[in-house]
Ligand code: ADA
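As a starting point, one isolated chain is supplied in C-alpha coordinates, in the form predicted on its own.
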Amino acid sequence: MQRLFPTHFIRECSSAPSVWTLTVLDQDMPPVKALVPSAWEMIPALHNYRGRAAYECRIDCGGNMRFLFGGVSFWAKVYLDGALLAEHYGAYTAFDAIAKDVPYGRHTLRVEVDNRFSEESTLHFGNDYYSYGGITRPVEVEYLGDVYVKQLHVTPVRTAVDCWAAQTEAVVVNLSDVPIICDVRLEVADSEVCVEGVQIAPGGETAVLQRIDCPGVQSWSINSPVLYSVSAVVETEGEPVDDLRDRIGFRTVEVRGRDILFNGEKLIVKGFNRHEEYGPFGCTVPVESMAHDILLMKEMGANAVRTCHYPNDPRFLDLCDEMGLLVWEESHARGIQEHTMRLPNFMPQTLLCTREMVNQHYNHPAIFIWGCLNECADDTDYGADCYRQTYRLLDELDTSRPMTAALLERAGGKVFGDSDVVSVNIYPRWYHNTPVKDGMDRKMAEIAAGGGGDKPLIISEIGAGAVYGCHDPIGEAKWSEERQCTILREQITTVLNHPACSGIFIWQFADVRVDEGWAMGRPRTHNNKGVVNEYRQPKMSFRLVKELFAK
(Lines give C-alpha, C1' and ligand atoms only; values in the text may rest on other atoms or scores of the structure.)
Protein backbone atom coordinates (compact mmCIF):
# COMPACT_ATOMS: atom_id res chain seq x y z
CA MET A 1 0.00 0.00 0.00
CA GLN A 2 1.33 3.42 -0.87
CA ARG A 3 1.89 5.50 2.28
CA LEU A 4 3.14 8.99 3.08
CA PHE A 5 6.47 7.67 4.40
CA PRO A 6 8.90 4.84 3.48
CA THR A 7 7.68 1.44 4.64
CA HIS A 8 10.87 -0.37 3.60
CA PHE A 9 14.57 0.46 3.76
CA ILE A 10 15.80 -3.02 2.81
CA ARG A 11 13.09 -4.42 0.55
CA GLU A 12 13.31 -3.03 -2.99
CA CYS A 13 10.05 -1.36 -4.05
CA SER A 14 8.78 0.84 -6.85
CA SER A 15 5.50 2.19 -8.15
CA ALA A 16 3.89 0.42 -11.08
CA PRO A 17 3.74 2.33 -14.38
CA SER A 18 1.36 5.30 -14.33
CA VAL A 19 -0.07 4.76 -17.83
CA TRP A 20 -1.73 1.46 -18.77
CA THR A 21 -3.66 0.27 -21.81
CA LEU A 22 -7.36 -0.09 -21.00
CA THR A 23 -9.49 -2.40 -23.13
CA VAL A 24 -13.24 -2.33 -22.53
CA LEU A 25 -14.67 -5.84 -22.74
CA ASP A 26 -18.42 -5.19 -22.79
CA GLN A 27 -18.59 -2.18 -25.08
CA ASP A 28 -17.36 -1.59 -28.61
CA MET A 29 -14.58 0.97 -28.35
CA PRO A 30 -10.86 0.91 -29.20
CA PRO A 31 -8.27 0.52 -26.42
CA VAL A 32 -7.37 3.76 -24.65
CA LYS A 33 -4.57 4.92 -22.40
CA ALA A 34 -5.64 5.19 -18.75
CA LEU A 35 -3.90 6.51 -15.67
CA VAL A 36 -3.42 4.14 -12.76
CA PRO A 37 -4.75 4.87 -10.25
CA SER A 38 -7.99 6.41 -11.48
CA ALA A 39 -11.65 5.52 -11.89
CA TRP A 40 -12.54 4.68 -15.48
CA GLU A 41 -15.57 6.98 -15.19
CA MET A 42 -13.10 9.84 -15.58
CA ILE A 43 -12.83 8.80 -19.26
CA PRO A 44 -15.78 10.63 -20.93
CA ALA A 45 -16.89 7.61 -22.98
CA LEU A 46 -17.05 5.52 -19.78
CA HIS A 47 -18.76 8.03 -17.50
CA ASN A 48 -21.64 5.65 -16.70
CA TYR A 49 -19.97 2.38 -17.68
CA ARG A 50 -20.75 -0.69 -15.64
CA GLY A 51 -19.05 -3.80 -16.97
CA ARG A 52 -15.68 -5.42 -17.49
CA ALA A 53 -12.36 -4.04 -18.67
CA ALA A 54 -8.73 -5.15 -18.80
CA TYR A 55 -5.68 -3.07 -17.84
CA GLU A 56 -2.27 -4.02 -19.23
CA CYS A 57 1.24 -2.67 -18.80
CA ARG A 58 4.74 -3.90 -19.58
CA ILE A 59 7.13 -4.11 -16.68
CA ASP A 60 10.82 -5.04 -16.36
CA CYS A 61 11.18 -7.35 -13.39
CA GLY A 62 12.37 -10.73 -12.15
CA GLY A 63 12.80 -12.97 -9.12
CA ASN A 64 10.14 -13.22 -6.44
CA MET A 65 7.64 -10.50 -7.28
CA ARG A 66 4.87 -9.07 -5.11
CA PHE A 67 2.35 -6.82 -6.83
CA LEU A 68 0.46 -4.86 -4.18
CA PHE A 69 -2.88 -3.31 -5.18
CA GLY A 70 -4.29 -0.61 -2.92
CA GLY A 71 -7.79 -0.99 -4.33
CA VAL A 72 -9.54 -2.36 -7.42
CA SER A 73 -13.26 -1.75 -7.89
CA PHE A 74 -14.54 -4.26 -7.34
CA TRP A 75 -13.77 -7.74 -8.82
CA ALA A 76 -10.14 -8.22 -9.83
CA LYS A 77 -8.09 -10.94 -11.54
CA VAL A 78 -4.33 -10.42 -11.82
CA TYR A 79 -2.23 -12.15 -14.51
CA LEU A 80 1.48 -12.11 -15.28
CA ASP A 81 2.28 -13.23 -18.81
CA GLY A 82 -1.13 -14.91 -18.98
CA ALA A 83 -0.78 -16.88 -15.74
CA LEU A 84 -3.41 -16.12 -13.09
CA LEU A 85 -1.76 -14.90 -9.87
CA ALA A 86 -4.63 -13.71 -7.70
CA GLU A 87 -8.33 -12.90 -7.50
CA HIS A 88 -9.94 -10.43 -5.11
CA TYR A 89 -13.34 -8.98 -4.28
CA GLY A 90 -13.85 -5.59 -2.70
CA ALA A 91 -13.02 -2.07 -3.81
CA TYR A 92 -11.68 -0.60 -0.59
CA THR A 93 -9.01 -2.90 0.80
CA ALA A 94 -5.58 -3.86 -0.48
CA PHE A 95 -4.51 -7.27 -1.76
CA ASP A 96 -1.36 -8.75 -3.24
CA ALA A 97 -0.38 -11.09 -6.07
CA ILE A 98 2.88 -13.01 -5.72
CA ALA A 99 4.87 -14.56 -8.56
CA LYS A 100 7.90 -16.70 -7.64
CA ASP A 101 11.09 -17.15 -9.63
CA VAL A 102 10.09 -14.84 -12.50
CA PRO A 103 12.76 -14.82 -15.25
CA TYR A 104 14.42 -11.42 -15.47
CA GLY A 105 13.16 -9.44 -18.44
CA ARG A 106 10.09 -7.60 -19.74
CA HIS A 107 6.73 -9.03 -18.68
CA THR A 108 3.05 -8.22 -19.18
CA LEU A 109 0.97 -7.43 -16.11
CA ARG A 110 -2.77 -7.68 -16.79
CA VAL A 111 -5.62 -6.86 -14.43
CA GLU A 112 -9.18 -7.75 -15.37
CA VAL A 113 -11.73 -5.60 -13.55
CA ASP A 114 -15.49 -6.05 -13.24
CA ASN A 115 -17.85 -3.55 -11.58
CA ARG A 116 -21.14 -5.13 -12.62
CA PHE A 117 -23.88 -5.51 -10.02
CA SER A 118 -25.05 -9.07 -9.37
CA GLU A 119 -26.13 -11.41 -6.58
CA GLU A 120 -22.54 -12.68 -6.44
CA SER A 121 -21.47 -9.18 -5.39
CA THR A 122 -23.48 -8.52 -2.25
CA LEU A 123 -21.76 -5.32 -1.07
CA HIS A 124 -21.98 -3.37 -4.34
CA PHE A 125 -25.29 -2.30 -5.86
CA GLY A 126 -27.06 0.89 -6.92
CA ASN A 127 -26.61 3.00 -3.81
CA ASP A 128 -26.71 6.47 -2.27
CA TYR A 129 -23.10 6.86 -3.39
CA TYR A 130 -21.49 5.79 -6.67
CA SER A 131 -19.64 2.48 -7.12
CA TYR A 132 -16.79 3.36 -9.47
CA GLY A 133 -14.82 1.00 -11.69
CA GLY A 134 -11.13 0.52 -12.27
CA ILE A 135 -7.79 0.38 -10.48
CA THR A 136 -8.65 3.19 -8.12
CA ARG A 137 -5.72 3.14 -5.66
CA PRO A 138 -1.96 2.93 -6.21
CA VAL A 139 -0.15 -0.23 -7.37
CA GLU A 140 3.26 -1.07 -5.91
CA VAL A 141 5.88 -3.57 -7.15
CA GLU A 142 8.04 -5.31 -4.55
CA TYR A 143 11.05 -7.58 -4.99
CA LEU A 144 11.26 -10.29 -2.35
CA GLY A 145 13.84 -12.79 -1.22
CA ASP A 146 12.95 -16.14 0.29
CA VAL A 147 11.59 -14.57 3.48
CA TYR A 148 9.62 -11.37 4.05
CA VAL A 149 7.59 -9.54 6.70
CA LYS A 150 3.93 -9.74 5.76
CA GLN A 151 2.39 -7.81 8.66
CA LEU A 152 3.40 -5.80 11.71
CA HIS A 153 0.89 -4.90 14.43
CA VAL A 154 1.83 -2.77 17.43
CA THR A 155 -0.57 -2.19 20.34
CA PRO A 156 0.22 0.58 22.84
CA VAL A 157 -0.03 -0.50 26.47
CA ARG A 158 -0.13 2.05 29.29
CA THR A 159 1.84 0.64 32.24
CA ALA A 160 1.51 3.65 34.56
CA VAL A 161 0.85 7.38 34.32
CA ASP A 162 2.89 8.58 31.32
CA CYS A 163 4.61 5.17 31.04
CA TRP A 164 4.13 3.00 27.98
CA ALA A 165 5.00 -0.34 26.48
CA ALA A 166 4.18 -1.84 23.08
CA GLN A 167 2.87 -5.32 22.30
CA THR A 168 4.26 -6.24 18.88
CA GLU A 169 3.30 -8.98 16.47
CA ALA A 170 5.24 -9.52 13.24
CA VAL A 171 4.15 -12.13 10.70
CA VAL A 172 7.09 -13.51 8.68
CA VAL A 173 6.58 -15.58 5.52
CA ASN A 174 8.85 -18.23 3.95
CA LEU A 175 8.46 -18.36 0.15
CA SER A 176 11.03 -21.12 -0.32
CA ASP A 177 10.64 -24.90 -0.39
CA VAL A 178 12.96 -25.49 2.58
CA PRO A 179 12.70 -24.53 6.27
CA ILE A 180 14.24 -21.21 7.25
CA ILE A 181 15.64 -20.15 10.62
CA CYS A 182 16.02 -16.40 11.04
CA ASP A 183 16.25 -13.64 13.63
CA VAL A 184 13.59 -10.92 13.82
CA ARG A 185 14.68 -7.54 15.14
CA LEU A 186 11.74 -5.46 16.45
CA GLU A 187 12.06 -1.74 17.13
CA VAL A 188 9.49 0.63 18.63
CA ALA A 189 10.33 4.27 19.31
CA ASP A 190 14.10 3.57 19.55
CA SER A 191 13.62 0.57 21.87
CA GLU A 192 14.81 -2.66 20.27
CA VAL A 193 14.46 -6.39 20.91
CA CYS A 194 15.90 -9.23 18.82
CA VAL A 195 14.02 -12.54 18.72
CA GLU A 196 16.50 -15.21 17.67
CA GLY A 197 16.02 -18.60 16.05
CA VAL A 198 12.59 -18.07 14.52
CA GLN A 199 11.67 -21.17 12.52
CA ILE A 200 9.42 -20.96 9.47
CA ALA A 201 8.21 -24.04 7.60
CA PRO A 202 8.50 -24.25 3.78
CA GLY A 203 5.80 -22.07 2.24
CA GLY A 204 4.56 -21.17 5.73
CA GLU A 205 4.43 -18.19 8.02
CA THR A 206 5.19 -17.53 11.70
CA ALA A 207 3.94 -14.83 14.07
CA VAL A 208 6.61 -13.33 16.32
CA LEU A 209 5.21 -11.72 19.48
CA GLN A 210 7.19 -9.50 21.83
CA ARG A 211 6.41 -6.87 24.47
CA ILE A 212 8.75 -3.88 24.41
CA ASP A 213 9.08 -1.18 27.08
CA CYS A 214 9.14 2.33 25.58
CA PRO A 215 10.50 4.80 28.15
CA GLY A 216 10.14 8.52 27.54
CA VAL A 217 7.54 8.45 24.78
CA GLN A 218 4.75 11.03 24.64
CA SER A 219 1.06 10.27 24.28
CA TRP A 220 -0.73 10.81 20.95
CA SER A 221 -3.68 13.21 21.16
CA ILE A 222 -5.73 15.45 18.90
CA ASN A 223 -3.76 18.51 20.00
CA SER A 224 -0.40 16.74 20.09
CA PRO A 225 -0.35 13.96 17.46
CA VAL A 226 3.11 12.58 18.26
CA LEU A 227 4.11 9.63 16.06
CA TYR A 228 6.88 7.06 16.51
CA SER A 229 8.47 4.70 14.02
CA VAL A 230 8.17 0.94 14.39
CA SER A 231 9.91 -1.76 12.37
CA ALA A 232 10.50 -5.48 11.96
CA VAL A 233 13.76 -6.54 10.31
CA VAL A 234 14.46 -10.14 9.30
CA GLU A 235 18.06 -11.34 9.46
CA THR A 236 19.54 -14.58 8.14
CA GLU A 237 23.12 -15.53 8.92
CA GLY A 238 23.55 -12.11 10.56
CA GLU A 239 22.54 -10.13 7.47
CA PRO A 240 19.32 -8.11 7.15
CA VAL A 241 17.24 -9.46 4.25
CA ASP A 242 13.82 -7.82 4.62
CA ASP A 243 11.94 -5.22 6.64
CA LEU A 244 8.55 -3.60 7.22
CA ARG A 245 8.14 -0.19 8.82
CA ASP A 246 5.16 1.77 10.10
CA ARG A 247 4.21 4.48 12.59
CA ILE A 248 2.17 4.40 15.78
CA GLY A 249 0.93 6.76 18.45
CA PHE A 250 0.67 5.91 22.13
CA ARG A 251 -2.93 6.35 23.29
CA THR A 252 -5.75 4.36 24.84
CA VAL A 253 -9.43 4.09 23.96
CA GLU A 254 -11.89 2.47 26.33
CA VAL A 255 -15.58 2.40 27.15
CA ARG A 256 -16.58 3.01 30.75
CA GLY A 257 -20.30 3.05 31.39
CA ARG A 258 -21.89 5.59 29.05
CA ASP A 259 -18.59 7.33 28.28
CA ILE A 260 -15.88 6.85 25.68
CA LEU A 261 -12.52 7.60 27.29
CA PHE A 262 -9.58 8.69 25.15
CA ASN A 263 -6.34 8.64 27.13
CA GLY A 264 -8.54 8.38 30.22
CA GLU A 265 -10.56 11.53 29.47
CA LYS A 266 -14.18 11.69 28.35
CA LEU A 267 -14.48 12.13 24.59
CA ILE A 268 -17.23 14.19 22.96
CA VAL A 269 -17.15 13.59 19.21
CA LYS A 270 -17.77 16.49 16.84
CA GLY A 271 -17.34 15.04 13.40
CA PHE A 272 -18.37 14.62 9.79
CA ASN A 273 -19.24 11.70 7.57
CA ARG A 274 -16.99 11.87 4.53
CA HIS A 275 -17.15 9.86 1.33
CA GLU A 276 -13.89 9.24 -0.50
CA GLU A 277 -14.79 11.32 -3.55
CA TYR A 278 -13.77 14.64 -5.03
CA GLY A 279 -15.42 16.29 -8.05
CA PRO A 280 -13.72 15.36 -11.32
CA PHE A 281 -11.47 12.71 -9.75
CA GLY A 282 -14.28 10.45 -8.55
CA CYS A 283 -13.13 8.08 -5.80
CA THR A 284 -9.41 8.52 -6.61
CA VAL A 285 -8.79 11.53 -4.42
CA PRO A 286 -5.40 13.29 -4.76
CA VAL A 287 -3.47 13.36 -1.50
CA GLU A 288 -3.41 17.18 -1.63
CA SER A 289 -7.22 17.15 -1.64
CA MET A 290 -7.27 14.71 1.27
CA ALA A 291 -5.19 17.15 3.32
CA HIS A 292 -7.43 20.04 2.26
CA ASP A 293 -10.51 18.14 3.44
CA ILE A 294 -8.95 17.61 6.87
CA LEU A 295 -8.03 21.29 7.13
CA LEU A 296 -11.58 22.31 6.23
CA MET A 297 -13.10 19.95 8.81
CA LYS A 298 -10.72 21.14 11.52
CA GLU A 299 -11.44 24.75 10.55
CA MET A 300 -15.06 24.06 11.49
CA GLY A 301 -13.97 22.66 14.84
CA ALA A 302 -14.34 18.96 14.03
CA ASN A 303 -12.27 16.45 15.97
CA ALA A 304 -13.35 13.31 14.08
CA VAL A 305 -14.33 11.88 10.70
CA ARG A 306 -16.31 8.76 9.79
CA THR A 307 -15.23 6.87 6.65
CA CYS A 308 -18.71 6.14 5.41
CA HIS A 309 -19.25 3.40 4.32
CA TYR A 310 -15.98 1.62 3.61
CA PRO A 311 -12.27 1.57 4.50
CA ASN A 312 -10.37 4.60 3.25
CA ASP A 313 -7.08 5.08 1.44
CA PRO A 314 -4.28 4.57 4.00
CA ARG A 315 -2.75 7.88 2.94
CA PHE A 316 -5.86 9.66 4.24
CA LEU A 317 -5.46 7.78 7.51
CA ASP A 318 -1.77 8.77 7.58
CA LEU A 319 -2.83 12.40 7.30
CA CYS A 320 -5.34 12.00 10.13
CA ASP A 321 -2.52 10.52 12.24
CA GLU A 322 -0.30 13.49 11.37
CA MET A 323 -2.91 16.22 11.76
CA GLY A 324 -4.79 14.99 14.82
CA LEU A 325 -8.20 13.98 13.48
CA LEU A 326 -9.91 10.97 15.05
CA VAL A 327 -11.32 8.33 12.70
CA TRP A 328 -14.30 6.00 12.84
CA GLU A 329 -13.40 3.51 10.12
CA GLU A 330 -15.92 0.95 8.98
CA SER A 331 -16.02 -2.03 6.67
CA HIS A 332 -18.02 -1.85 3.48
CA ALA A 333 -21.80 -2.15 3.72
CA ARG A 334 -24.74 0.22 3.40
CA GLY A 335 -28.47 -0.37 3.47
CA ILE A 336 -28.36 -4.14 2.94
CA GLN A 337 -31.61 -5.90 3.77
CA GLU A 338 -32.31 -9.46 4.84
CA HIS A 339 -32.89 -10.97 1.39
CA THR A 340 -29.38 -9.84 0.37
CA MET A 341 -27.86 -10.79 3.72
CA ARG A 342 -29.14 -14.34 3.12
CA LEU A 343 -27.22 -14.67 -0.15
CA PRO A 344 -24.33 -17.17 0.08
CA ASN A 345 -21.62 -14.56 -0.53
CA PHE A 346 -22.83 -11.94 1.94
CA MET A 347 -21.18 -13.03 5.17
CA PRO A 348 -17.94 -14.25 3.53
CA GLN A 349 -17.58 -10.92 1.69
CA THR A 350 -18.50 -8.90 4.78
CA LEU A 351 -16.06 -10.75 7.00
CA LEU A 352 -13.31 -10.57 4.36
CA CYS A 353 -13.59 -6.80 4.10
CA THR A 354 -13.73 -6.45 7.89
CA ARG A 355 -10.67 -8.66 8.40
CA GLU A 356 -8.66 -6.87 5.69
CA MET A 357 -9.61 -3.45 7.06
CA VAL A 358 -8.45 -4.18 10.60
CA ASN A 359 -5.31 -6.06 9.57
CA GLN A 360 -4.22 -3.36 7.13
CA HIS A 361 -5.06 -0.28 9.21
CA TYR A 362 -4.43 -1.59 12.72
CA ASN A 363 -1.52 0.71 13.58
CA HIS A 364 -3.20 4.07 12.85
CA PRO A 365 -3.53 5.88 16.20
CA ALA A 366 -6.23 8.17 14.80
CA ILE A 367 -8.65 5.24 14.44
CA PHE A 368 -10.54 5.19 17.74
CA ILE A 369 -13.46 2.92 16.82
CA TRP A 370 -14.33 0.26 14.23
CA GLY A 371 -17.71 0.19 12.49
CA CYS A 372 -19.62 -2.20 10.24
CA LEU A 373 -22.95 -2.90 8.53
CA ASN A 374 -24.35 0.61 8.19
CA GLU A 375 -28.18 0.61 8.18
CA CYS A 376 -28.55 -3.10 7.49
CA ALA A 377 -31.31 -5.42 8.72
CA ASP A 378 -30.74 -5.21 12.48
CA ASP A 379 -34.53 -5.46 12.94
CA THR A 380 -34.70 -9.15 11.92
CA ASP A 381 -33.39 -12.21 13.73
CA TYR A 382 -31.24 -13.27 10.77
CA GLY A 383 -29.84 -9.78 10.24
CA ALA A 384 -29.09 -9.41 13.95
CA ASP A 385 -27.10 -12.64 13.84
CA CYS A 386 -25.02 -11.20 10.96
CA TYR A 387 -24.24 -8.18 13.12
CA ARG A 388 -23.19 -10.39 16.01
CA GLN A 389 -20.90 -12.48 13.80
CA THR A 390 -19.19 -9.30 12.56
CA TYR A 391 -18.92 -7.88 16.07
CA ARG A 392 -17.26 -11.11 17.22
CA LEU A 393 -14.71 -10.86 14.42
CA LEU A 394 -13.90 -7.25 15.33
CA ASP A 395 -13.40 -8.32 18.94
CA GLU A 396 -11.09 -11.14 17.85
CA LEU A 397 -9.01 -8.90 15.60
CA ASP A 398 -8.58 -5.93 17.95
CA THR A 399 -9.21 -5.71 21.69
CA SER A 400 -7.68 -2.22 21.96
CA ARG A 401 -10.57 -0.33 20.34
CA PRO A 402 -14.37 -0.42 20.77
CA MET A 403 -16.68 -1.35 17.91
CA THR A 404 -20.09 -0.17 16.77
CA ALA A 405 -22.52 0.00 13.84
CA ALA A 406 -24.59 2.92 12.56
CA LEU A 407 -28.17 1.66 12.84
CA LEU A 408 -31.17 2.95 10.91
CA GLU A 409 -33.69 5.26 12.58
CA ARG A 410 -36.53 2.74 12.20
CA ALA A 411 -37.97 0.95 15.22
CA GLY A 412 -37.37 -2.71 16.04
CA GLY A 413 -33.58 -2.91 16.38
CA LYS A 414 -32.32 -6.13 17.97
CA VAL A 415 -28.60 -5.47 18.54
CA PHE A 416 -28.48 -2.42 20.85
CA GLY A 417 -27.00 -4.56 23.61
CA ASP A 418 -24.34 -6.27 21.47
CA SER A 419 -21.93 -3.50 20.49
CA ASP A 420 -19.52 -1.53 22.68
CA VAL A 421 -21.03 1.79 21.55
CA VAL A 422 -24.59 2.33 20.30
CA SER A 423 -24.79 4.47 17.16
CA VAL A 424 -27.91 5.57 15.29
CA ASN A 425 -28.64 7.57 12.14
CA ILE A 426 -31.56 9.98 12.54
CA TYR A 427 -32.93 12.74 10.28
CA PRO A 428 -35.59 14.70 12.23
CA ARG A 429 -36.79 17.87 10.48
CA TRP A 430 -35.54 16.52 7.13
CA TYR A 431 -37.23 13.20 6.28
CA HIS A 432 -39.96 13.90 8.84
CA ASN A 433 -40.89 16.97 10.83
CA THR A 434 -40.38 15.52 14.31
CA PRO A 435 -38.68 17.96 16.72
CA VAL A 436 -35.11 16.78 17.23
CA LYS A 437 -35.41 16.36 21.01
CA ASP A 438 -38.58 14.30 20.64
CA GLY A 439 -36.92 12.07 18.05
CA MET A 440 -33.86 11.55 20.24
CA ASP A 441 -35.88 10.81 23.36
CA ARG A 442 -38.02 8.26 21.53
CA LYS A 443 -34.96 6.53 20.07
CA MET A 444 -33.12 6.49 23.39
CA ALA A 445 -36.11 4.89 25.10
CA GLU A 446 -36.06 2.14 22.46
CA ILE A 447 -32.30 1.67 22.89
CA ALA A 448 -32.73 1.34 26.66
CA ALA A 449 -35.52 -1.20 26.22
CA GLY A 450 -33.28 -3.13 23.82
CA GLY A 451 -30.38 -3.48 26.28
CA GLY A 452 -28.20 -0.56 25.17
CA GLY A 453 -29.17 2.08 27.69
CA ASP A 454 -25.97 1.70 29.72
CA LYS A 455 -23.66 2.18 26.71
CA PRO A 456 -22.23 5.30 25.07
CA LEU A 457 -24.45 6.76 22.35
CA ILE A 458 -23.24 8.45 19.16
CA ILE A 459 -25.54 10.09 16.63
CA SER A 460 -23.68 8.72 13.64
CA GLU A 461 -25.69 10.55 10.98
CA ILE A 462 -27.89 13.62 11.14
CA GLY A 463 -28.30 16.40 8.62
CA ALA A 464 -30.26 18.12 5.87
CA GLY A 465 -29.81 18.80 2.18
CA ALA A 466 -29.03 21.98 0.27
CA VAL A 467 -28.17 22.51 -3.37
CA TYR A 468 -25.15 24.80 -3.53
CA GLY A 469 -26.27 28.28 -4.55
CA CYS A 470 -29.98 27.63 -3.99
CA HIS A 471 -31.33 30.43 -1.77
CA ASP A 472 -34.76 31.17 -0.33
CA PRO A 473 -34.33 33.56 2.63
CA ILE A 474 -38.08 34.21 2.90
CA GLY A 475 -39.71 30.77 2.64
CA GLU A 476 -36.66 28.60 3.36
CA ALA A 477 -37.83 25.91 0.94
CA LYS A 478 -36.24 22.50 1.19
CA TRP A 479 -32.95 22.28 -0.74
CA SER A 480 -32.22 25.95 0.04
CA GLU A 481 -29.05 26.75 1.96
CA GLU A 482 -31.15 28.70 4.47
CA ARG A 483 -33.34 25.67 5.27
CA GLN A 484 -30.26 23.49 5.74
CA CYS A 485 -28.90 25.97 8.27
CA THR A 486 -32.17 26.13 10.23
CA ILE A 487 -32.37 22.34 10.49
CA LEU A 488 -28.70 21.85 11.32
CA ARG A 489 -28.87 24.45 14.07
CA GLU A 490 -31.63 22.55 15.88
CA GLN A 491 -29.99 19.17 15.24
CA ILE A 492 -26.47 20.02 16.37
CA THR A 493 -27.54 22.06 19.38
CA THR A 494 -29.93 19.39 20.62
CA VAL A 495 -27.49 16.49 20.19
CA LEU A 496 -24.44 18.16 21.71
CA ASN A 497 -26.46 19.45 24.69
CA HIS A 498 -27.92 16.02 25.45
CA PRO A 499 -26.17 14.64 28.56
CA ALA A 500 -26.43 11.00 27.42
CA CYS A 501 -24.82 11.58 24.02
CA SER A 502 -21.12 11.05 23.31
CA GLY A 503 -21.13 13.00 20.08
CA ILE A 504 -22.29 13.61 16.55
CA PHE A 505 -21.21 12.94 12.97
CA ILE A 506 -22.93 15.38 10.60
CA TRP A 507 -24.16 13.95 7.34
CA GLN A 508 -22.15 15.01 5.53
CA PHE A 509 -18.93 16.87 4.78
CA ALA A 510 -19.19 17.15 0.97
CA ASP A 511 -21.76 16.44 -1.72
CA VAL A 512 -21.16 13.18 -3.64
CA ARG A 513 -22.41 11.52 -6.79
CA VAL A 514 -25.09 8.81 -6.35
CA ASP A 515 -26.27 5.96 -8.55
CA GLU A 516 -28.87 7.05 -11.11
CA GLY A 517 -31.50 4.90 -9.45
CA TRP A 518 -31.52 7.50 -6.66
CA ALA A 519 -31.74 10.50 -8.97
CA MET A 520 -35.43 11.36 -8.47
CA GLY A 521 -34.84 12.02 -4.77
CA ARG A 522 -31.36 13.45 -5.20
CA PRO A 523 -31.14 16.67 -7.25
CA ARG A 524 -28.18 16.73 -9.68
CA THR A 525 -27.82 12.95 -9.08
CA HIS A 526 -25.87 13.91 -5.96
CA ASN A 527 -26.42 13.49 -2.26
CA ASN A 528 -26.52 17.21 -1.47
CA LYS A 529 -26.32 17.12 2.32
CA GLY A 530 -22.72 18.35 2.37
CA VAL A 531 -21.71 21.57 4.09
CA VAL A 532 -19.46 22.03 1.05
CA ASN A 533 -20.19 20.94 -2.50
CA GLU A 534 -18.22 18.34 -4.44
CA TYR A 535 -15.61 21.00 -5.32
CA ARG A 536 -15.30 22.05 -1.63
CA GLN A 537 -17.07 25.38 -2.11
CA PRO A 538 -18.63 26.21 1.28
CA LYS A 539 -22.37 26.51 1.72
CA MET A 540 -23.88 28.81 4.34
CA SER A 541 -23.87 25.86 6.73
CA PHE A 542 -20.06 25.86 6.83
CA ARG A 543 -20.00 28.97 9.01
CA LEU A 544 -22.94 27.73 11.08
CA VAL A 545 -21.25 24.44 11.95
CA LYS A 546 -18.08 26.30 12.87
CA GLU A 547 -20.10 28.50 15.23
CA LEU A 548 -21.93 25.60 16.86
CA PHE A 549 -18.91 23.31 17.22
CA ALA A 550 -17.01 26.17 18.87
CA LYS A 551 -19.67 26.28 21.60
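Counting begins at 1, following the sequence as shown. Everything numeric here is computed off the predicted structure, so don't read it as measured data.
Just so you know, the form predicted together with the ligand exists too; it's not on screen, but the next bit is about it.
- Not one of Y89, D313 and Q360 is positioned with any heavy atom within 4.5 Å of the ligand in the predicted bound form.
- Segments offered: 420-428, 229-237, 250-258, 101-109. Contacting the ligand in the predicted bound form at heavy atom distances within 4.5 Å is 420-428.
- The ligand is not drawn, but in the predicted bound form it has no heavy atom within 4.5 Å of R50.
- Within this chain, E461 lines the site of the ligand in the predicted bound form, having a heavy atom no more than 4.5 Å away.
- Mapping the unseen interface onto this chain, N527 counts among the residues with a heavy atom inside 4.5 Å of the ligand in the predicted bound form.
- Although the partner is absent here, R522 is a contact residue: one of its heavy atoms lies within 4.5 angstroms of the ligand in the predicted bound form.
- Checking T390, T284, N115, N374 for any heavy atom within 4.5 Å of the ligand in the predicted bound form turns up a single hit: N374.
- Only one of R185, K414, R334, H153 comes within 4.5 Å of the ligand in the predicted bound form through a heavy atom, and that residue is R334.
- Residue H309 is the sole member of 296-326 found to place a heavy atom within 4.5 Å of the ligand in the predicted bound form.
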